[in-house]
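Taking the form predicted on its own, here's one chain by itself in C-alpha cells.
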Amino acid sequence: MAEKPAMPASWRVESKPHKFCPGCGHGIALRALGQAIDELGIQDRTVFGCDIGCSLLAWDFFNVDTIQTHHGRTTPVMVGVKRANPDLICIAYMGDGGGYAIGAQHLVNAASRNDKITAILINNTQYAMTGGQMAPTTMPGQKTETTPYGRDPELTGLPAQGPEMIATITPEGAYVARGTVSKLRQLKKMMVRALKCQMEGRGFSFIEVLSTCPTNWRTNARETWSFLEEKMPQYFQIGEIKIPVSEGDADE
C-alpha cells in the first residue's frame, strides 16, 4: 500500500472548538468531512464553499481555501470555481434551506448537468439559524415556530426527499447518499466515496446528512438522539442510493 503524502508543517494547526450550539450535528458532519480530506491527501487543492445559515459558521473550520456565498448560491459558485480550475476539489456545504428551498434550482441543474463537484447538505428538519421555522424537510406533524400545531401535509406538502430526487436526475457516474451524524464511521466512508467520485472525474456527488438541533427542537439529550435515530429515519432512509462502481470501490 502506498504511503499517504505527508502534511506540510505549514498546514498543521491546533484544533479549535467550533462555533455551533451545544448538541448541534454540524461539528460531527464537518469532522467526517475533514477526516475524509486528510485520508485522501487533498487539502492542498480543496476549496470549501459554505452557505448562509448555520453552515456559514464553518467558514474558518478547515485550513483550506474557503468561500462564503450568498444564501442558496453555494452550488453555482463552486461549479464556477471547478470549471475555472478543474484540478481543484470543490465542496458546496449548505443547509436544507440553502439546498432545497432558495437554492433548489441550482442543486437540480448542477445534478442534471453532472457537474463534477461535491455537495453536502445538512438536514435538521427546520430553519435553525433564524429560530426554527418550517423548512422543506420538516417532518409531518412536527412543531416549529411556523407550524405550532405540527406540519400538515395537506396544507404544506410532504418533506423533500432530496437524495432520491438527485439520484433520478443524475447520469451514471454520480454518487448519492444519505448519512447521519449518529454513525460517524459510515458518514466518513460516504464522504470519502463522494470526494473520490469528484477526484476521478466521474460526476456529481451529493450527501444529505441527518443532523441534530436541540436548541430549536427544544429537546434534551435523550429526546434529541431519539428524534435523530428513531423518528427521522422513518421518513429519510439512510444509505447509499447511487454508487458509481469502480475497481477500487468493488472490494470496500
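The first residue of the shown sequence is 1; numbering continues from there. These numbers were taken from a predicted model, which means no experiment stands behind them.
A second form of this protein, the form predicted together with a small molecule, is not displayed here; the remarks below concern that form.
Just give me the single entry in N114, T146, T168, T130 that has a non-hydrogen atom within 4.5 angstroms of the small molecule in the model of the complex.
The option sitting close enough to the partner is T130.
Which residue, I207, L187, C50, C54, has a heavy atom that falls within 4.5 Å of the small molecule in the model of the complex?
If I apply the 4.5 Å criterion carefully, the residue I get is C54.
Which among 96-104, 82-90, 175-183, 138-146 is in contact with the small molecule in the model of the complex, heavy atoms within 4.5 angstroms?
Only one stretch qualifies here: 96-104.
When the contact criterion is heavy atoms within 4.5 Å, does N124 count as touching the small molecule in the model of the complex?
Within the cut-off, so yes.
Answer for H70 alone: is it within 4.5 Å of the small molecule in the model of the complex, judged on heavy atom distances?
Output for H70 is yes: heavy atoms within 4.5 Å of the small molecule.
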